[in-house]
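Let's start with one chain on its own, the form predicted on its own, as structure tokens.
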């Protein structure tokens, strides 16, 4: 049976990388006691806490952490009418933290995620591994059978084209989970006792043209490269769907990364996911999405972005246009979602106005 690391195992101080260049974003509805376990790894960094639900509730944060906290009243005050694009009563509200951050990198984690242990029993510094992933290139154009060639002890295998060995910038690092797997409700119902005990020591680049189910509970990204596309959609209160917020963002960012020549990695680091959500509640949130995804995924597989889409914002606006044109027939919700995607970009640009030299394209359009 897999157990989380203890406070003693995580107590050793670490030298923080990117201390002044990275924010940690946490969505929550409860006191953040879980931060005590993460203190040796997180305390040097700035936290952005996005409080979901009742804004009159006081969220307690352990002493010693540098943080700012936003509730729904703050979101409404800062964004005005554009606050309609930020989900309510859903962890999708975390993307507001991405928008107000002024740092180059973001790491986001859920409040039921604890420090994992590797097979030797050592506590896993998830943030440190994400930083390694983000700061090393990706290889989306040709698969390396030894996985990430930029990790210590690995390299490009025989037959790998030398012309592609430089790699491309990594925009996203997608981590995994021990204990409670990130399953959908039907799988939860038929496998209620299943736990993930396998620690696979691997990082790989997701190939160009391949979509993936992105989970937002253990995720890092380069905000400068892909931030405007990290919109977690309209979920939760007043919406017909939930638990597809990170999925939607993942499909969008992968299509845009492929177009701009950016990389997405998955694998290490692991966190310990401590709590299984109620499968019956999840089914009520997911059931439309379970049907809709059979049309959504082919849509993303067939999306073509024009060559003049040379920035993330341009790509995302074009994607919103195609969502409205092609997915509105699935359900009127997608017409509303497409409008929210445009609103999100407008709000992002208002809070993050272009600076001199920022007109340089994010990547090379495919």
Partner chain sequence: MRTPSCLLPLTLDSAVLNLSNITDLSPLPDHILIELFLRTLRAGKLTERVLKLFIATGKDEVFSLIQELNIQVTVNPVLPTRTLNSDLTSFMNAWRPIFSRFHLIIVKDLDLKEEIKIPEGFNLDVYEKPDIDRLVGTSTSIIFSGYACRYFGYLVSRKKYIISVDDDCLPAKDNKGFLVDAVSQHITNLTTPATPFFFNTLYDPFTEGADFVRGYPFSLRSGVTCVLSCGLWHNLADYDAPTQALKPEERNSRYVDAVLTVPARTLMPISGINIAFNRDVVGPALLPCLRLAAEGKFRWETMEDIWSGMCVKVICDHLRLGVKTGLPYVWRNDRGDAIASLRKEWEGVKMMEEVVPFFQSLRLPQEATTAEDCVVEVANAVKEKLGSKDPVFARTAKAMLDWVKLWKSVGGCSSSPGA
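Numbering follows the first chain given and starts at 1. Values in this document were obtained by computation on a predicted structure and should not be read as measured data.
Not pictured, yet referred to below: the form predicted together with its partner chain.
Candidate from 284, 102, 77, 198 lying within 4.5 Å of its partner chain in the predicted complex - any heavy atom: Checked against the cut-off, the match is 198.
Selected contact from 107, 114, 98, 251, since only one has a non-hydrogen atom within 4.5 angstroms of its partner chain in the predicted complex: Contact check passes for 251.
Stretch from 130 to 138, 68 to 76, 220 to 228, 152 to 160 whose residues place a heavy atom within 4.5 Å of its partner chain in the predicted complex: Comparing against its partner chain in the predicted complex, the contact stretch is 152 to 160.
Non-hydrogen atom within 4.5 Å of its partner chain in the predicted complex for each of 177, 183 and 213: Yes: 177, 183 and 213 each sit within 4.5 Å of its partner chain in the predicted complex.
4.5 angstroms heavy atom contact with its partner chain in the predicted complex for residue 276: Flag for residue 276 set to no.
Residue contact check: residue 301 to its partner chain in the predicted complex, 4.5 Å heavy atom: So residue 301 counts as contacting its partner chain.
Exercise: residue 191 in contact with its partner chain in the predicted complex, heavy atom 4.5 Å: Looking in the predicted complex, residue contacts with its partner chain include residue 191, since a heavy atom lies within 4.5 Å.
Its partner chain contact at residue 261 in the predicted complex, heavy atom, 4.5 Å: Answer no; every heavy atom of residue 261 is more than 4.5 Å from its partner chain in the predicted complex.
Sequence-ordered list of residues in 246 to 261 near its partner chain in the predicted complex, where near means a heavy atom within 4.5 Å: Contacting residues: 246, 247, 251.
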